[in-house]
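Here we start with a single chain on its own, the form predicted alone, put down as structure tokens.
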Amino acid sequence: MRRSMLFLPGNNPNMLINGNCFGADAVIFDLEDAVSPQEKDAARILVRNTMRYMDFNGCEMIVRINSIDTDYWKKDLDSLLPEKPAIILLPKTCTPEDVLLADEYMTQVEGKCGIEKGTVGLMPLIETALGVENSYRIASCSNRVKALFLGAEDLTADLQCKRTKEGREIEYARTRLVVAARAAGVDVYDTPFTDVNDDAGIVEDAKTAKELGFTGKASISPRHVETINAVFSPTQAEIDYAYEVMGAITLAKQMGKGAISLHGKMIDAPIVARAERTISMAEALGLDRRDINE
């Protein structure tokens, strides 16, 4: 279950050693934007040792390597892939060829380390206009691709527009990525909300992302993790309704019907699929129905 993903700067020992304390479903060890060129080597070693010796208590480990147009990305993979992160976050992914190049080199490194091919997944970070337009091809070009991730800061720079809290400038990119990811059968993650002091803003931004169909949302601040987890978790009302739907459809089957009315609405296959996902998510989170807050 990956509702929240928290960025941890690869050159910040305090953040790294406390990364398992913030409640995120996944942590992203950042070797790219958070790390200056002169600190790349040290950060790579620091992240490697953190992954090797720290217990993250089931929190998924993701590594954002440097982009493939730099001299750093192969060194990142050489150092970090042997530690078997769940996902490599590939920044500035613009074309399927970018993914395939990373995939090919990851296969080489896995082979050298005796790791089964394809063990480590890929998550393309879409942060250019070209990447948005190629999003379905990117999502479907390799079995390693497990999700798409929208990066709004670089994207709005590429679009030559202002990044705002309201996010109207990224509406198209958000919906485009959700459609592309779902069509390809992979997950999709929303960009971080960057005002760490706006508690109301992160709630609204996370709700917008969920309503659009995002699987979860990234964060650059530990204080946003709890809100993101809450928004992307099923509510008591959603859980109760899901069980009602499953009860209704069971009754319909007993009556030999393919659909049935519940509270004045027809319950058919798409509604049932949504209910099944809600119940599955609640079970995966270990939530008792009585413990879920609206």
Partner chain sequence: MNKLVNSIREAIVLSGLKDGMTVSFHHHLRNGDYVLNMVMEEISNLGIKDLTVNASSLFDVHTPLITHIENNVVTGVGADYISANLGRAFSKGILARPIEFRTHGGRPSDIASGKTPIDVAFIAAPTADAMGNCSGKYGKSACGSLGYAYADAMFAKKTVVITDNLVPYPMQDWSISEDYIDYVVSVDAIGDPKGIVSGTTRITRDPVGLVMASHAAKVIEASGLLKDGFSFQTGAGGASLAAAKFLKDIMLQKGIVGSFGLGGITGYMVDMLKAGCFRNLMDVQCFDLTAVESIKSDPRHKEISAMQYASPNSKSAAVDSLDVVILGATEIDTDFNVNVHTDSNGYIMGGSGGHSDTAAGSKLSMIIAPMFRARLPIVTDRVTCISTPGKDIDVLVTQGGIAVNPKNKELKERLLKAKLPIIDISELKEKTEQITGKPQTLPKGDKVVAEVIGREGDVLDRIYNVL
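What you see is a predicted model; the values in this text were computed from it and never measured. Numbering follows the first chain given and starts at 1.
Same protein, other form: the form predicted in complex with the partner chain, not shown, and the subject of what follows.
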Study note, to complete from the structure: Testing 253 to 261, 222 to 230, 59 to 67, 239 to 247 against the partner chain in the predicted complex with a 4.5 Å heavy atom criterion leaves exactly one stretch, namely 222 to 230
Review point. Between the options Glu133, Asp78, Glu153, Asp199, which residue brings a heavy atom to within 4.5 Å of the partner chain in the predicted complex?
Key: Asp199
**Study point:** Contact of Ala273 with the partner chain in the predicted complex (heavy atom, 4.5 Å)
**Key:** no
Review point. Do Asn18 and the partner chain come within 4.5 Å of each other in the predicted complex, heavy atoms counted?
Key: yes
**Study point:** Neighbours of the partner chain in the predicted complex among 148 to 186 [non-hydrogen atom within 4.5 angstroms]
**Key:** none
